[in-house]
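Just one chain follows, in the form predicted alone, and it is written as structure tokens.
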Amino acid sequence: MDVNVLGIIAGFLTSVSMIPQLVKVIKEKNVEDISLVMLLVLISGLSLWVWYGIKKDELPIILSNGFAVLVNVSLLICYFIYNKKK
């Protein structure tokens, strides 16, 4: 298998992994079981991967992690909208 194909498949699967959680949060309007710290650490790490991909000029790393950042920032926004612990 071509290494780029392997990277694209891995990046795609990793990027879409949080979509079911985002859909569940939006449907139920409940973020009780979501860890804010986990989201912040994950978004930070993904953002660093995007930066790394830019520095190395690796489009699969940039695209997959950039998409994952968007999904997780969306989840973070939902966290603040639906958080009832205020």
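Source: prediction; values computed, not measured. A residue's number is simply how far along the shown sequence it sits, counting from 1.
Just so you know, the form predicted together with a further copy of the same chain exists too; it's not on screen, but the next bit is about it.
Touches a further copy of the same chain in the predicted bound form: residue 31 (any heavy atom, 4.5 Å): Because no heavy atom of residue 31 falls inside 4.5 Å of a further copy of the same chain in the predicted bound form, the answer is no.
Any chance residue 81 has a heavy atom within 4.5 Å of a further copy of the same chain in the predicted bound form? No, residue 81 stays farther than 4.5 Å from a further copy of the same chain in the predicted bound form.
Using a 4.5 angstroms cut-off on non-hydrogen atoms, would residue 27 count as touching a further copy of the same chain in the predicted bound form? Output for residue 27 is no: heavy atoms all beyond 4.5 Å of a further copy of the same chain.
Residue-level question: is residue 22 within 4.5 Å of a further copy of the same chain in the predicted bound form, judged on heavy atoms? No, no contact at 4.5 Å.
Does any residue in 41-67 get within 4.5 Å of a further copy of the same chain in the predicted bound form, counting heavy atoms only, and if so which ones? Heavy-atom contacts to a further copy of the same chain in the predicted bound form: 41, 42, 44, 45, 46, 48, 49, 51, 52, 55, 56, 58, 60, 61, 64.
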